[in-house]
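The chain that follows stands alone, in the form predicted on its own, written as C-alpha cells.
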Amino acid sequence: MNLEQELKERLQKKDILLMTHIVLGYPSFEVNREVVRQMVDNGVDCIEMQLPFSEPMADGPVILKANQDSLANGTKIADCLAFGAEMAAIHAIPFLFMTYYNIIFKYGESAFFAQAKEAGIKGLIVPDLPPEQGESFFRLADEQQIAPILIFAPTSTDARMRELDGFGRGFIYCVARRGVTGKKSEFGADFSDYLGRCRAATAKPIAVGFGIQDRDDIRVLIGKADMAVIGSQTIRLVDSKGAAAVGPFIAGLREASAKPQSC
C-alpha cells in the first residue's frame, strides 16, 4: 500500500491524523526509540524523522539546536538509515525522512533512495529542492516508490500549487504561515482561505505544520485539513520533562482528534 492510500484508509477512522517530528540522534538514538514508542502507542499516524543538517533553513531555534547537537554527537547518515529500518520493522505506521538536499546529494541520490526503500521509508520531505531542479530525484522517487512530499505556503499562487501537486505524492504539506518552525501559528480568516486554496489545488490529503502546539490547534484544523504536524513542541517536551512525557501529551492531542464511535 502506498503512502497516500494508507493515510486515506486511516482517515476513515479519524477526523484528523497526527504526524510527529523527531530529529535523529537528538538527544540520542536511545531516546529517539523511546519517543517513537510513546508516539505510536498513543495514536500517532505518521512520523517524520529528520536527518540532521548543519543549516536547516526551514527550521526555527528548537529544531536548529537539535540538528546541531545531533551532528556534534557524531550522527551519520548510515546511523539514520539503520534507525529508520529498525523503526519501520517494529511499528505499523508509515515513517518518512525529512532533510535538506545537500545531504542526499553528497550521499548519492541512487544509493540514498535504494537504502531508504530497503529500510521501509514511505516518503521524503526535502524543503529546499524545487521540482524544477530535481529531475533525477523525482525519477528515483517514482522508481523506488518513495513519496516525494511537496510543500504549499501562504505565498504560493493557485497556479504554483497545482504545479507542485503534479510532482508530489503521498500528501501535501501546507505550512501554516511564513517563516520557520516553532512559533505558534494564528488561525484566522486568512488561514481558512489559504487552506481552501490548498484543498482546491490537490486531491491528496493535506497536512498542516509550523506552530501546531496544542489540543486547541488540532480542533481548529478538523474539517479543514487531513493531518496535523507536531514538531518543535515534542522536542521542547523531551528537553524539559523527558521522553516519558511524550505519551500523555500525544494522548491529549488524540482526544481532540478522535472520531466518535457509533454504538
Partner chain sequence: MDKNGYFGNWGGAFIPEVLHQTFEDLKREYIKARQDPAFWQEYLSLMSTYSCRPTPLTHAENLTRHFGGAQIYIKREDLNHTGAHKANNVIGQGLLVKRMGKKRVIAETGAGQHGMATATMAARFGFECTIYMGEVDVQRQRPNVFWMEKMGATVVPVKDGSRTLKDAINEAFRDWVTNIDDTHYVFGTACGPAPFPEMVSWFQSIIGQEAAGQIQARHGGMPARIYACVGGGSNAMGIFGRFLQEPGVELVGVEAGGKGIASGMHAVRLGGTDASPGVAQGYKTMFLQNEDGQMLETHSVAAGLDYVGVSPILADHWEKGRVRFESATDDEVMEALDLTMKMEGIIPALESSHAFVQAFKEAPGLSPSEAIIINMSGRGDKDIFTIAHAFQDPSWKAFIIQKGLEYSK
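Since the structure is predicted, the reported quantities are computational estimates derived from the model, not experimental observations. Positions refer to the first chain, counted from 1.
Below: the form predicted in complex with the partner chain, not depicted.
Taking non-hydrogen atoms only, Asp216 never approaches the partner chain to within 4.5 angstroms in the model of the complex.
Heavy atoms of Asn102 reach within 4.5 Å of the partner chain in the model of the complex, making it an interface residue. At the 4.5 Å threshold, heavy atoms of Ala85 stay clear of the partner chain in the model of the complex, well away from it. Put simply, Pro56 is close to the partner chain in the model of the complex: some heavy atom of it is within 4.5 Å. Candidate site formed by Gln145, Asp165 and Met227: none of these residues places a non-hydrogen atom within 4.5 angstroms of the partner chain in the model of the complex. Comparing 217 to 225, 64 to 72, 230 to 238, 35 to 43 against the partner chain in the model of the complex, the single stretch with non-hydrogen atoms within 4.5 angstroms of it is 64 to 72.
Ile77 is the sole member of Ile93, Leu140, Ala119, Ile77 with a non-hydrogen atom lying within 4.5 angstroms of the partner chain in the model of the complex. Annotation for 215 to 230: no interface residues with the partner chain in the model of the complex [heavy atom within 4.5 Å].
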